[in-house]
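Take a look at this one chain, the form predicted alone, written out in C-alpha cells.
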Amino acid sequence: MRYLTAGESHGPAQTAIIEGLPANLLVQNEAINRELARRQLGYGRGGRMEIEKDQVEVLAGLRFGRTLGSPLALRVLNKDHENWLEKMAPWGQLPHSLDTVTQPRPGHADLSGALKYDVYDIRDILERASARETVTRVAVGAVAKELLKVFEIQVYSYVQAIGPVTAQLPVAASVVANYQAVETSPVRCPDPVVATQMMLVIDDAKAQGDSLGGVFTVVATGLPVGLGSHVQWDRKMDGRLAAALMSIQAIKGVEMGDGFAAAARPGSLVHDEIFYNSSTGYYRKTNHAGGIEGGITNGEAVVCRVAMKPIPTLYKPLNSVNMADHTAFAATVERSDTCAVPAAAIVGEAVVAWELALALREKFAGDSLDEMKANYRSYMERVAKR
C-alpha cells in the first residue's frame, strides 16, 4: 500500500492517490471532511484558515462509498487559488510585470530548495514546501483510520506543551479515557487551567510578532502484537513512525514511550514487566516502551511524543540575504500562524494512522476486506493459544 500527493499552496488543488487498499472498505465522506476540519482548528491559527473550508472530492476508486481495490484518488480544492491565477499559471511565460521572490526566509526551505533545484524564483520552492501540503496527508490518514476502525484500532492526539507552558498530564491511557476534554479544548490540552495559560502565551507571542512551538502526543490503541519487524532496519515500527512524524513540516523531535526520559533512569524503572492471565493472555502493567519492543508492536498502546519548532514566518522579521544581489534585508512576511501545534497534532494522527494501516496490510494482506479480516482472525486465534 502506498500513496503520493501533489499540489502547491496556491495552486488549483491538493491531490492524493492511494494504491493498495482492500476492496469493499467503507469510506465515509463525512469522516474525511471531519478530519480536514479538525486540522483547521486550534488557537493561534492564521488567516488562511478563514479562507479555506476544506472538503474532499473523490475522483476515482470508490463506488457507492466502498473501495474498488483500484487506486483511490482524492482532491481538495484551494479556494485561494482564484487570487493567484496569474502568479500560479501552469502555461505561458513568466510575465515581466510579475515580481519574482528572491528573498529567502530563515527557517524555511526557501534558500536550500532554490540552490538545490537551481531556481531563481523562490515561489517554485515555497509553494510545495508549505504546510498546506498536509491537507492531503490528513485526507489519506482519514482513509487509513477507516481501515483501522474495522479492526478496532483508534488513533488519538493531545497537546502537552506550547512554548514554556507544559501540562503535567497522567499516562496516555488516562488522557484517552477522557478524550472529550481534548477535543473541546482550543489548544487540545485536557487540563483546562494549563490550556488557558497556553492561550495567554500564544496571545503574547502574537502581540510581539513572534511564534511558538510545542509538544504533542499521538496515541494508538487496540493494536495487535506483531506489526513491524526486527529483521531489517526499515521494517521496525518505531523507526517507520518516527520517520513519518519527522516528515511533517516544522517537526524537530520524536520519541517513543518514555523516550529521552528513559536515558536518565535505571533499567529496573524502564523495562515493562510481563504478566499472563488465562483470560486475556500476556499483558504489561506499565508502558514505558510506548507499545513497541524490538521494532514490533507488543499489544500495548503505541505512544509517540513529538516536538514542533515555532512557525518560522514571523511578523517581527529575521535577517536574511537577497539572492538577486546579496544585499541584507528583513525577511518578508507571508500569511502565517502564531502557533500551529494543535493542528500539527491532527497531522500527526494522520501519518501515524497511515503507517499503522500500512503495517496492518503488510501483515494481513488480502485483496478484499473480508479476506484481510479472515487472515486477522486466524492470526489472533493462534496468538491467543500461546
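Given the structure is predicted, the values throughout are model-derived calculations rather than measurements. Don't overthink the numbering: it's just position in the shown sequence, from 1.
Missing here is the form predicted together with another copy of the chain; even so, the following discussion is about that form.
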Where does another copy of the chain sit in the model of the complex: which of 126 to 134, 149 to 157, 189 to 197, 176 to 184, heavy atoms within 4.5 Å? 126 to 134
Quick one: does residue 305 come within 4.5 Å of another copy of the chain in the model of the complex, counting heavy atoms only? yes
If you check in the model of the complex, is residue 95 within 4.5 Å of another copy of the chain, heavy atoms only? yes
Contact with another copy of the chain in the model of the complex for residue 230, defined as at least one heavy atom pair within 4.5 Å: yes or no? yes
Taking 4.5 angstroms as the cut-off for heavy atoms, does residue 221 touch another copy of the chain in the model of the complex? no
Residues from 1 to 39 in contact with another copy of the chain (non-hydrogen atom within 4.5 Å) in the model of the complex: 2, 3, 4, 5, 6, 7, 8, 12, 13, 15, 16, 17, 19, 20, 23, 24, 27, 28, 29, 32
